[in-house]
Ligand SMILES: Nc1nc2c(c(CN[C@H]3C=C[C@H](O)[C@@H]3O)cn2[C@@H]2O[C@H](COP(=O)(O)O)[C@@H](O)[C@H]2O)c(=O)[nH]1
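Next up is one chain by itself, shown in structure tokens, the form predicted alone.
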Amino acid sequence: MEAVRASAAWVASRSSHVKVDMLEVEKVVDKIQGNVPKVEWDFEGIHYFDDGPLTVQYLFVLDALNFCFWPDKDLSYDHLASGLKLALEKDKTALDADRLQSYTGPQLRQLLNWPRPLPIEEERVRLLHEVGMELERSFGGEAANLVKSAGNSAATLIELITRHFPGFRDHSLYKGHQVFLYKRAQIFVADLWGAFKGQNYGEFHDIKSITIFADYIVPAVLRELGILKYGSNLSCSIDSNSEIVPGSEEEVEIRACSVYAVEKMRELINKKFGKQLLSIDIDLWLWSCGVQNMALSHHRTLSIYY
């Protein structure tokens, strides 16, 4: 997504709380010799997959709800992915558009087999309703029709998603400039591409246009690698688990500089080693490193976008 790349670069060039250390980028690139370990989609074995439209429906609902787990120390993305998978295996209609429009908070908890209120539960329910209503109104109730209407273009699919589903409009204002990050819309494309191995619903002629998915984990890994440098006040806030205000300069800089840093890494790998890597592959590698080291301090922001 060129809008994401361009706005991330704009933030990185003006950032005062977060800096991208290009010397450290080069060190990391040289250390891995341009080889990013391949991480397969669903390496954890937690996702639903039947090679058909129901998988697309599952992934769209999953990515509509894929945000903000940290307020509950026991909750993780794995619970969401596997909970929806088990729900579908028990009842193939569990994620039908009409059902999505009627779920309550307690019913969503029951669907996920989660014993207590979810973080920002009311927003999760609202987004389920939004997805169900708009799928029914514009796409015959099926996320597969949304995907088909994009004509195998990742960029077009993201444009359609953000046009039709306000809950995916991951925008921020930074120093009067609009910044686009689109984490959940982009990760839906990546999930399709990974699940279907670049075929059928996962075939996109412009998959290279996707950036990384600016979340909590990837910035923490980039910081651990020395690629992201935080100012002292921001470092103290993160290390003490203080919340970072959504839309604040600090929060936007963390996410935008993460995108920019990985773009610089990707460009350097191509320049030095002649390898054209996808941002998706780098993201999967960084994210898998992060989930294997949950002791890493990450920023904490109450947000529906990641």
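Everything numeric in this text was worked out from a predicted model, so none of it was measured. We number the residues from 1 along the sequence you see.
The form predicted together with this ligand exists for this protein as well; it is not shown, and the discussion that follows is about that form.
Next item on the list: Could you check the pocket for me: superposition on the site C-alphas, this ligand placed as it sits in the predicted bound form, then open or blocked, blocked being at least 3 ligand atoms within 2.4 Å of backbone or C-beta atoms?
Entry: Here the site is open.
Notebook entry, point to check: Picking from 209-217, 226-234, 163-171, 140-148, which part of the chain touches this ligand in the predicted bound form when contact means heavy atoms within 4.5 Å?
Noted result: That would be 209-217.
Margin query: So, a 4.5 angstroms cut-off on heavy atom distances: do all three of N35, Y260 and E263 pass it with respect to this ligand in the predicted bound form?
Written below: Result no, not one residue of the spot touches this ligand.
Next item on the list: Evaluate I187 for contact with this ligand in the predicted bound form, applying a 4.5 angstroms cut-off between non-hydrogen atoms, and reply yes or no.
Entry: Close contact exists here: in the predicted bound form, I187 approaches this ligand to within 4.5 Å, heavy atoms only.
Check: With a 4.5 Å heavy atom cut-off, would you call S76 a contact of this ligand in the predicted bound form?
Finding: Yes.
Check: Are any of the heavy atoms in Y48 no more than 4.5 Å from a heavy atom of this ligand in the predicted bound form?
Finding: Y48 lies outside the contact set for this ligand.
Next item on the list: Indicate whether F273 is a 4.5 Å heavy atom neighbour of this ligand in the predicted bound form.
Entry: Looking in the predicted bound form, residue contacts with this ligand do not include F273, since no heavy atom lies within 4.5 Å.
Check: Judged by heavy atom distances of 4.5 Å or less, which residues of 269-296 approach this ligand in the predicted bound form?
Finding: In sequence order, D283, L284, W287, V291 come within 4.5 Å of the partner.
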